[in-house]
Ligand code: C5P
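Presented below, as structure tokens, is a lone chain in the form predicted on its own.
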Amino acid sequence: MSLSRPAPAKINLGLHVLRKRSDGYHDVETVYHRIGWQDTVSVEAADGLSMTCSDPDLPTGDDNLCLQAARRLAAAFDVDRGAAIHLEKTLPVGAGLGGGSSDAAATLRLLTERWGLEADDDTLMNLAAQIGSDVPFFLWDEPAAYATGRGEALESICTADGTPFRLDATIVLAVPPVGMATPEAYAMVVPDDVDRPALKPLVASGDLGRWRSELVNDFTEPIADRYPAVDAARNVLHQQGADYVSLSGSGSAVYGLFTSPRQAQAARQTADREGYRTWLGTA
């Protein structure tokens, strides 16, 4: 019997690259937020560990995060059984949407169930952090999280009344035909940890006017400067009346937040005509 699980994308609400660390990573500050665009991961019983993917261009060897997740989980619990993993790939690669990390997190959850493991959340979170900096977020129960460290240290983010923060807007994603490797993106950014606005309360305010003037992703300008298609995607969403526009993560995807669903639909149609890969939905 096959087990399957959705692997949703995320966007970043602000992203500050603060400083270079001695281990080669960077300290960052960001807010992750899940959205409705997703891959699907499934697993079946098998003699060994293997992986297939609907996208023939996506490597399915040992470098794939799903297989890395499976091997780390098996090693941690001394599992001698296998699994056949299949990834139905929908999310674009190198777009800053966390697709590979989400796929890995879904694999951890599925194989914990398939193999009947008694794995608590702390154990899975520790394994996730070893796989990738934003993998732990995709095991997080709430729709959003404030993240520090290299992105793996998570805290709840709540509104003024104490409820978990959730975006109240229609999201339009425009993805240019540009894939960004994370090391390439970080090489473009000059770290800055001086006089940065307090990101957690800024995002929790939900004030899109403040966001337009204060909420910044440090990767946006250098990536848009190097890749005209990214800058053009920003311009399309601005011209169509988005209330807030930003790059997601360190990738090429640009998102716009719209308080008007009708404007959002028109923006998506325009971005489609311009040749971008698009998605419209809610968080």
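All residue numbers are counted from 1 along the displayed sequence. Quick caveat, the model's predicted, so the values are computed rather than measured.
Below: the form predicted in complex with ligand C5P, not depicted.
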Discussion item. When the contact criterion is heavy atoms within 4.5 Å, does G94 count as touching ligand C5P in the predicted bound form?
Written reply: no
Item to complete: Give a yes/no on whether G275 approaches ligand C5P to within 4.5 Å in the predicted bound form, heavy atoms considered.
Response: no
Practice prompt. Please check if R71 has a heavy atom lying within 4.5 Å of any heavy atom of ligand C5P in the predicted bound form.
Written response: no
Fill in: Interface membership of V28, ligand C5P in the predicted bound form, 4.5 Å heavy atom rule
yes
Worksheet item: Which one of W140, Y186, F77, W115 is close to ligand C5P in the predicted bound form, taking close to mean a heavy atom within 4.5 Å?
Response: Y186
Item to complete: Sort through H86, R166, R196, R150 and report the residue having a heavy atom within 4.5 Å of ligand C5P in the predicted bound form.
Response: R150
Worksheet item: Of these, 105-113, 208-216, 177-185, 118-126, which stretch puts a heavy atom within 4.5 angstroms of ligand C5P in the predicted bound form?
Response: 177-185
Item to complete: For the heavy atom contacts within 4.5 Å of ligand C5P in the predicted bound form, list the residues of 112-146 involved, in sequence order.
Response: I131, G132, S133
